[in-house]
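One chain comes next, on its own, written out as structure tokens in the form predicted on its own.
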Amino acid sequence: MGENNGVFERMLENSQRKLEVRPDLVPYPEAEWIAEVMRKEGHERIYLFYHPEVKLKTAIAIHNRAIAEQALGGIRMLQYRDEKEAITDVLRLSKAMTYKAAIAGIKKGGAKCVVWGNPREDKTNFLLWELAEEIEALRGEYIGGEDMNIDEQDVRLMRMKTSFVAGLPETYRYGKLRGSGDPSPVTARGIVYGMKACLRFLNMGPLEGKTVAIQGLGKVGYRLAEFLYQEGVKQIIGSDIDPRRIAHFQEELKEKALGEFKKLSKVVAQEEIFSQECDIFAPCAAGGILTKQTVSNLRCRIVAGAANNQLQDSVAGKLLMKKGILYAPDYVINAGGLINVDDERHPDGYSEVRVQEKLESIFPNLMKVFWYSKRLNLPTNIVADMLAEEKIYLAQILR
């Protein structure tokens, strides 16, 4: 049995399609490391599902539901290296969702779902329907939404099997239920508000005339580039692992910027993006990219982007502070997507006005983090954790 594939392989051996692990419930010895992480990070439970006939290998982690009985979090599909990487990712992401909801004032617990597979080859209707049926069986304990490689059309397909999904297409209507559409533009607008908070705190003036380096030109990264162009930035430096996204970025912005494009836009290799001289570095791709090495290469005043779990560890946060770089904690600045998806389940139906009001709260939320960070001489990521944990603790007392 492979060292990192123990739990799913054991499930296969026992013809077990669903497995629950809690800090106090360890069904197999191979799951002990999972329970250990959960005890350390405060998770409630994790569900593992294995349906080899449709290539569904997935994990749903419920972190904390002190604020509300239902937990909300996106579904992402990635070709992880092994089981340990997939489960570690879902545990880390679900905890960030708890903190994100707490800071943003969303009445939901934190959760996440990861599907371990190749989205180009393994993502089929049958896989999505099987996952939807498993979510439905949890009876509202978890509400899933779109995330990396899962879009609003996938959510619509899953809606055929479960009501516990959100992030439906804008055209979707069912009674008062109205689809909120692709959350990427809302997330990107929230990043712009966050960038303005960073600039305000550092007395650096407006976004106009600034240089921004964007790592990751997917849905959010590209939308962010559009909004930054509208704000009048001096230059956008982009990078992405996918050459098709780079081509899209270049062609679309070229059309919008016309003759100003060459002056406005620049594309560099993935490994070069960290060392670009800029005012703001915006990570909008995978997590864990801010390490001891990459932080040492940064040539910016601000890190403010949409990626989840940008810091590899707490050491990276300390290094950013030591280097004089203001870090906008990811789950504070990128809350736009959660705000948008959560509003879809409002009793009165989705409202752009209500979403916009909540989105604007990202600015004061970040200013509060920055102020406490300066006053306490602590890294901003530590301060954000403290503020989120305070809200969660108060919710637990009230309940």
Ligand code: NAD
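Note that residue numbering follows the sequence shown and begins at 1. Small disclaimer: the values here were computed from a predicted structure and weren't measured.
Only in words, not in the display: the form predicted together with ligand NAD, which the text now covers.
- Contact annotation for Gly179: none of its heavy atoms lies within 4.5 Å of ligand NAD in the predicted bound form.
- In the predicted bound form, no heavy atom of Lys210 sits within 4.5 Å of ligand NAD.
- Contact annotation for Pro183: at least one heavy atom lies within 4.5 Å of ligand NAD in the predicted bound form.
- Using a 4.5 Å cutoff between non-hydrogen atoms, Gly117 does not count as a contact of ligand NAD in the predicted bound form.
- In short, of 321-329, 194-202, 218-226, 118-126 it is 218-226 that has heavy atoms within 4.5 Å of ligand NAD in the predicted bound form.
- When ligand NAD is considered in the predicted bound form, only one residue from Ile143, Ile75, Cys284, Val90 comes within 4.5 Å through any heavy atom, namely Cys284.
- Taking Gln276, Thr187, Thr294, Thr162 one by one, only a single residue has any non-hydrogen atom within 4.5 Å of ligand NAD in the predicted bound form, and it is Thr187.
- The three marked residues, Ser239, Asn308 and Asn334, each reach ligand NAD in the predicted bound form, with a heavy atom inside 4.5 Å.
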